[in-house]
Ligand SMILES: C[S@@+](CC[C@H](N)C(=O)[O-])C[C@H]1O[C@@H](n2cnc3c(N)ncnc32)[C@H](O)[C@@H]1O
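We begin with a single chain expressed as structure tokens, specifically the form predicted alone.
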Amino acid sequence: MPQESICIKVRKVYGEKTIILAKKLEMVNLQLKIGRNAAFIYIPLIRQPQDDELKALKKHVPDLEILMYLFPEKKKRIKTFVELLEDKISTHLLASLPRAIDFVGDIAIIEIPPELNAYKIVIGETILKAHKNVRTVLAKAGAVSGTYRTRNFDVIAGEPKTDTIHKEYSCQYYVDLAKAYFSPRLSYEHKRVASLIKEGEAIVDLFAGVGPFAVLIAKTHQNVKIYAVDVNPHALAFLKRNIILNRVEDKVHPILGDARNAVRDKLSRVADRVIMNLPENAIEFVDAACEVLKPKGGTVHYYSFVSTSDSLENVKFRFTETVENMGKKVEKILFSRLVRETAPYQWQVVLDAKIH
């Protein structure tokens, strides 16, 4: 509700100076928004200025007025879920609470340490309260594992589901987190790689998942052909839905199967560019990446893991050595970086390599 309050009216040109002076005198009402029109600003006060204060203000700011003005109420800042938990969990346990939450569509995902397991329902309900667009809160209940790269989750608040529609840049994706791998933390990589694609290229995404690389590339380019491969039938089913949802049926061609078999049977020497987002063991499929490139060569986007006991330079060396064992040559490492931390002392990394 609007609120009437005593204020300082001053020309806009003196506005910033007046606000600083009034704050020094501890008279600004921080609960109300500063009012503005074409010529003046209105600074809400918590009290009537005393004579000496008014004199000090007028010494630096000519033509100010003290009057009543109707102010809009300042929106209250929504507390974070950590702040909302301060009176529910003891301080020493609160320090163990992860600050990072992943959001996939209307699902929030958090990793709860063992010492906070007894509070997981409270934590889940608090996340729902802090984030009004969230319908479900999931707690990680294991690591990403298996051929399909999935993990188990516990529903700790909200609707009992693991499926949603996730929006990223100009695309939408059907996702089921229990059936197919998806990470919102790779959003920048999806955009970065898509921005490197040239019109007329043929791209093979060897581990496509639900399609975040393939669909975005297709959505942002007119003349491309993307072969999207995945061994997980659930992921491929979502990929097919996402191709239709984003209207890229003429550009993205889904293929179910093991990456190496798919290359051998259908994709030998077709690609200008290969995406290898399987950091757990992409090194084992470098032969397939080399085979899928056109005879003139091309670019490989290679993802791997590195720990503090290792180095990015060692990743480059291992990749280069493996390519050479295939009878090919790394002409140049075009780009490399740490993508994200995936565990204590472990990072996902990416190499962009030009293969001759």
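Residue indices: 1-based, along the sequence shown. It should be emphasised that the depicted structure is a prediction, and the values quoted were computed from it without experimental measurement.
The form predicted in complex with the named molecule exists for this protein as well; it is not shown, and the discussion that follows is about that form.
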Only one of 153, 148, 174, 119 has a non-hydrogen atom within 4.5 angstroms of the named molecule in the predicted complex; which is it? 148
Among 201, 102, 163, 258, which has at least one heavy atom within 4.5 Å of the named molecule in the predicted complex? 258
Please determine, with the chain shown alone, which of 133 to 141, 86 to 94, 185 to 193, 155 to 163 has non-hydrogen atoms within 4.5 Å of the named molecule in the predicted complex. 185 to 193
Since the partner isn't included here, can you check whether the named molecule sits close to all of 14, 18 and 44 in the predicted complex (heavy atom within 4.5 Å for each)? no
Would you check, heavy atoms only and a 4.5 Å threshold, whether residue 213 touches the named molecule in the predicted complex? yes
Do residue 81 and the named molecule come within 4.5 Å of each other in the predicted complex, heavy atoms counted? no
With a 4.5 Å heavy atom cut-off, would you call residue 126 a contact of the named molecule in the predicted complex? no
Test of understanding: in the predicted complex, would residue 181 fall inside 4.5 Å of the named molecule by heavy atoms? yes
Which residues, if any, of 261 to 288 lie within 4.5 Å of the named molecule in the predicted complex when only heavy atoms count? 277, 278, 279, 285
